[in-house]
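In structure tokens, the next block holds one chain alone, the form predicted alone.
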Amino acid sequence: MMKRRTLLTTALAAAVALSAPAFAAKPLVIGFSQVGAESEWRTANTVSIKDAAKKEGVTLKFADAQQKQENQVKAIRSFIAQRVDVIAFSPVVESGWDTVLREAKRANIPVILTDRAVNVSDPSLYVSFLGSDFVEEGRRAGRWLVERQKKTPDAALNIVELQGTVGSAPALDRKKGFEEVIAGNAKLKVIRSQTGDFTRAKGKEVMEAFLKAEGKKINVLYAHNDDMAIGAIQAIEEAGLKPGKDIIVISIDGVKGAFEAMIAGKLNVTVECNPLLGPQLMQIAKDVAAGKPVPKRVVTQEGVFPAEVAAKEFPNRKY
């Protein structure tokens, strides 16, 4: 009898042990550091990530860096101390990440970059980068302007540029791509270029300065994001000029505010930069945590939307 009881107890214990993981499986924990909430695009990006985490049953530890690199470094170190499964972040700037990412690597916590890239000495410090091709976005903006200029081939166009946050990947790359395309056209010239820090308020402030310095010499505004363009549109109107007509306005992101501006005839074209990265991020994080191989670079698919299609496309916009 005792022998039978011992065998039964052993069998039951084994059964419980085998079934335990199914009941005790812990949710994936992701530590995510966001740049901030500086634009419509960023807000949509945050909502997408939070919603996707909730849908997938992922525990998300979210930190807003308020556009300061030191805040992101603190957040990443906090995630390391909390022993999260995966760290993801959208870097404020490209450089200055080697030390903290080495700390994450030593702790065996994989890192995923979202939206923006980093410039590090060792590419193995992160496992994957999910986001747009910012250089190509700049090229698309440049190509649109080149085609527009062909309608008046004898006219020279003076361009002012509102750059994004100094040192950030989108600011560097969108500038590079745009300049690459217009470089071969002697009729297109950037006469002023300054950061607007990706915000409406700064975009308006810098555009006011451009207008005071150059006045009616300005033919084109190229803004690295829609929010700066919308701020600049206000400055153009307050100066007694018509945005979209007196000054051609080109921007990047494709947020609803840009489509509203195009419908109103105040913005000529927006190059899409898709912020809805949440579902893709969750899938990559799950694969990484499971030890599955993931692509080093995942590029999001995007388009170009001139004012002519804005009204038709607007109902389809999700951000």
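The first residue of the sequence shown is number 1, and the count goes up from there. From a predicted model like this one, the values you see are computed outputs, not experimental measurements.
Although it is not shown, the form predicted in complex with beta-D-galactofuranose (GZL) is what the next lines describe.
No member of the trio Gly31, Lys61 and Phe79 reaches beta-D-galactofuranose (GZL) in the predicted complex with any non-hydrogen atom inside 4.5 Å. Within 4.5 Å of some heavy atom of beta-D-galactofuranose (GZL) in the predicted complex lies at least one heavy atom of Ser39.
None of the heavy atoms of Gly138 is located within 4.5 Å of beta-D-galactofuranose (GZL) in the predicted complex. For Cys273, a non-hydrogen atom is located within 4.5 Å of beta-D-galactofuranose (GZL) in the predicted complex, even though that partner is not displayed. For Phe198, a non-hydrogen atom is located within 4.5 Å of beta-D-galactofuranose (GZL) in the predicted complex, even though that partner is not displayed. The chain is drawn here without beta-D-galactofuranose (GZL); in the predicted complex, the stretch among 147-155, 186-194, 94-102, 219-227 whose residues come within 4.5 Å of it by any heavy atom is 219-227. Heavy atoms closer than or equal to 4.5 Å to beta-D-galactofuranose (GZL) in the predicted complex belong, across 152-181, to the residues Pro170, Arg174, ordered by sequence position.
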